[in-house]
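The data below hold one chain only, encoded as structure tokens and taken in the form predicted alone.
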Amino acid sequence: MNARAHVFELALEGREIEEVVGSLFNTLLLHRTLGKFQYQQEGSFSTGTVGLVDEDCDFIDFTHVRVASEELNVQVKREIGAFRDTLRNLLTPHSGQISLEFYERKRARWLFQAECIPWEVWTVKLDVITLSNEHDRQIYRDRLAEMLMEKVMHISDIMNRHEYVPKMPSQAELDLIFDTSFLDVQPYLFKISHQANGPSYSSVGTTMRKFIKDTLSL
């Protein structure tokens, strides 16, 4: 099975990384999280409710909705924070990418290890930029909020399509499809991974030329 792959490309200042990536990943997890399952009998179950929280950004004029699970929120923030720190530790102009992967697990068979099979992968590719003054920073921040809204709407549009998600499991196979470690919610199994790519001068240059052109046209 080939995983569906989606890629977003953005240029950000360092302090915006957590909020932008968090807005996108929280939106994805909102659509990929259910309440805890309660099985009455084999093949018959009910699901609990999923609470929602409005999350306001500090550095961007943007508010998104996330799942009201502090456990899940802490885990996502920890992973994104590690990505931010990795980029900050580079000494040169830098870029990187962070991915949110949804997968299902196949039980181990004799002589074979358990297998994790991804079915949907969302990747955010970032170039970290530095704007020279507060005027440019405010203009870019406004445009970034608009772009972020477009991407959140794009996510919602894709999630409403009738595409593959793993079928609802039996009670014995629940942990092959869902992460049951959280006390209050049950997201599809997921993992977050990241890497730094080092300098990406052409991409940053293209972004800044477009930014300057758009700014001068105002």
Partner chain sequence: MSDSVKQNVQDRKKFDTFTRYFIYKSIQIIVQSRLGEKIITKSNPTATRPDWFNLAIIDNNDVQTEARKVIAGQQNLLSQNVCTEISLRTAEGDAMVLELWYISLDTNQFDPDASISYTVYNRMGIALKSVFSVSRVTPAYKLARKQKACASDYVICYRVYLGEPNFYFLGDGYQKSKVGSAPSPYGTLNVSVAYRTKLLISPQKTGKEAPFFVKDDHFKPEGSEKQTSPPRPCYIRNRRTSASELDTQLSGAELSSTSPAQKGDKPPVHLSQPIRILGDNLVTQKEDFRPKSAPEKQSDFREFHRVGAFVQMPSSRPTIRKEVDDIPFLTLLQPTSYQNTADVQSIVIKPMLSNGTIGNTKVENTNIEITNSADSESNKSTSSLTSAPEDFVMVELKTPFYGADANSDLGKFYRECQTVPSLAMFEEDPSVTETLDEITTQLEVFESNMNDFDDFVTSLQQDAE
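Numbering follows the first chain given and starts at 1. Predicted, not measured: the structure shown is a model, and the values here were computed from it.
The same protein has a further form, the form predicted in complex with its partner chain, not shown here; the description that follows concerns it.
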Taking A145, M149 and V185 as the candidate spot, are all three within 4.5 angstroms of its partner chain in the model of the complex by heavy atoms? yes
Assert contact residue (its partner chain, in the model of the complex, non-hydrogen atom within 4.5 Å, options R78, H135, R88, R105) equals H135
Heavy atom within 4.5 Å of its partner chain in the model of the complex, from candidates S193, Q38, Q171, T180, belongs to Q38
Item to check | 4.5 angstroms heavy atom contact with its partner chain in the model of the complex for D61 | outcome: yes
Exercise. Quick one: does S44 come within 4.5 Å of its partner chain in the model of the complex, counting heavy atoms only?
Worked result: no
**Asked** If you check in the model of the complex, is D175 within 4.5 Å of its partner chain, heavy atoms only?
**Response** no
Item checked: its partner chain contact in the model of the complex: L30, any heavy atom under 4.5 Å -> yes
